[in-house]
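Below you'll find only one chain, the form predicted on its own, shown as structure tokens.
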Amino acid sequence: MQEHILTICYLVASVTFILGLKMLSNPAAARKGNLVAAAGMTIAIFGTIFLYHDAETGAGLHNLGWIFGGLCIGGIIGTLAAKKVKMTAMPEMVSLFNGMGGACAALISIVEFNHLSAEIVQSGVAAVSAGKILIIVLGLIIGSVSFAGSIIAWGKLNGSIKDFSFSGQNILNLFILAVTLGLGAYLVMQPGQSMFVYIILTLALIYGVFFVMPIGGADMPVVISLLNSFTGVAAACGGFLYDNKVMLTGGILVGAAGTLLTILMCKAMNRSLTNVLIGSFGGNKQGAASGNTAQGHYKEISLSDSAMLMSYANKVMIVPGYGLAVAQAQHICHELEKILNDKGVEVKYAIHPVAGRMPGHMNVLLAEADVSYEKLLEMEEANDEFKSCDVVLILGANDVVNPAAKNDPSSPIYGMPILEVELAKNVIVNKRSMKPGYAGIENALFFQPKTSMLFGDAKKVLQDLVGEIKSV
């Protein structure tokens, strides 16, 4: 009876995962979808704890004290981290949590292989399924790569780890990967060689580090998505090992969603995945920056002139970037939007697919400030409207509005679709300084005649701008 109830729990959880993922595709339903999926996971966890029984012995789970202790500690840490994290730190938190998932999958593989090793000692190699060994090896390699890569991505996003590459690194990476896979294949054929598990673990961790180290700049959203798909696949391997349907379903969903998102990110950047991983776009910032020398002179605009220009405009388009997130200026940005609306000015937001440090970063940021979803325009839609805009206000965005992507074949971002803000009548760029953006390259937009620079912290500038507009 308990087995049937547990099966129903897993079925319910699997359905909630699918429904939750579907709801995440709509910003208005995303929060509810997240809660629905979380409820399904809760059902699956407690169903496993209280209803699972071994098919052979009939025994339930042991060490419930350790299990609930882990749930409590992890739940407290996760809750505190999620509540305290700033929106600017959300990408590195996602990377860190994703890395923990990969580590979990790798540990599961190690534990299960140790169990099989004991079985080999008692019953011989013939009693062990080659398919099960294959799943263990795959879970170990993919989980370890995901863990190491995610930790490096976390460090690079928070600035504690710098981009690093050397001549021939791609060849070395491929060599390490080939050796790792070769040892994995040998272990599948000779499962009695238990020492190879730890050699494979070490090589997979090294590969994960070298895999992400040279990648930087605007490619980080792609890397995060790819590593997320790795963790999903590793979790699915765990589902195979334990014959756990809900774990398998969840892993497949995460793996598939991460893969599709990776493809969409590459398409948004007009780059192949191979080009992202091997080309290391943004990894060598000095080299990238050297490709673009100073473009000329820029002009500044005062707060009062900016307020006057925006107050008498018919349409204003706001382009949010990482600078907006760093300044935590999303709420005052929404206030600016409302004040302009009161003056009869139409205000919309142009969102580039890879703006910020992870996919959807700007959407989440603006949703936190209760910006209407209808005002958030995707890149293609926004590009169609720039010609009719009187003013474009760029808040901390850089690489996603750089015209070098269209007209400079020597630029590292050449070919990447951008927000064509230069089509508007006036462009106001808010930045702290003239330093290059995350990809480390100069932006010719800043030196164009219709562009004016408004220097300063985004939050302070917007607060002062709101005050000036009120007085107009």
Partner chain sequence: MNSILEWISINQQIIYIVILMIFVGIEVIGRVPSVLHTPLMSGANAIHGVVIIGAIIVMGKAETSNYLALILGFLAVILGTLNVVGGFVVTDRMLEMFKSKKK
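This one's a predicted model, so the numbers in the text were calculated from it and none came from an experiment. Just so we're on the same page, rigid core means the largest C-alpha set that superposes within 1.5 Å between forms. Numbering follows the first chain given and starts at 1.
Keep in mind the form predicted in complex with the partner chain is missing from the figure; the text below concerns it.
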{"query": "Triple contact flag A37, N114 and G250 to the partner chain in the predicted bound form, non-hydrogen atom at 4.5 angstroms", "finding": "yes"}
{"query": "Which of 253-261, 312-320, 202-210, 395-403 lines the interface with the partner chain in the predicted bound form (heavy atom within 4.5 Å)", "finding": "253-261"}
{"query": "The partner chain contact at F240 in the predicted bound form, heavy atom, 4.5 Å", "finding": "yes"}
{"query": "Partner proximity in the predicted bound form: A105 to the partner chain, non-hydrogen atom cutoff 4.5 Å", "finding": "yes"}
{"query": "Residue contact check: I110 to the partner chain in the predicted bound form, 4.5 Å heavy atom", "finding": "yes"}
{"query": "Contact of G184 with the partner chain in the predicted bound form (heavy atom, 4.5 Å)", "finding": "no"}
{"query": "Contact residue in the predicted bound form, chosen from A382, L340, L177, M87 - any heavy atom within 4.5 Å of the partner chain", "finding": "M87"}
{"query": "Heavy atom within 4.5 Å of the partner chain in the predicted bound form - the one residue of A327, M100, V188, L138 that qualifies", "finding": "M100"}
{"query": "Contact set, 151-174 vs the partner chain in the predicted bound form - heavy atom within 4.5 angstroms", "finding": "none"}
{"query": "Rigid core fit then H331 CA moved by 2 Å or more between the shown form and the other one", "finding": "yes"}
{"query": "Threshold 2 Å Cα movement between the shown form and the other one at I252, rigid core reference", "finding": "no"}
{"query": "Residue shift check between the shown form and the other one, rigid core fit, A148 Cα at least 2 Å", "finding": "no"}
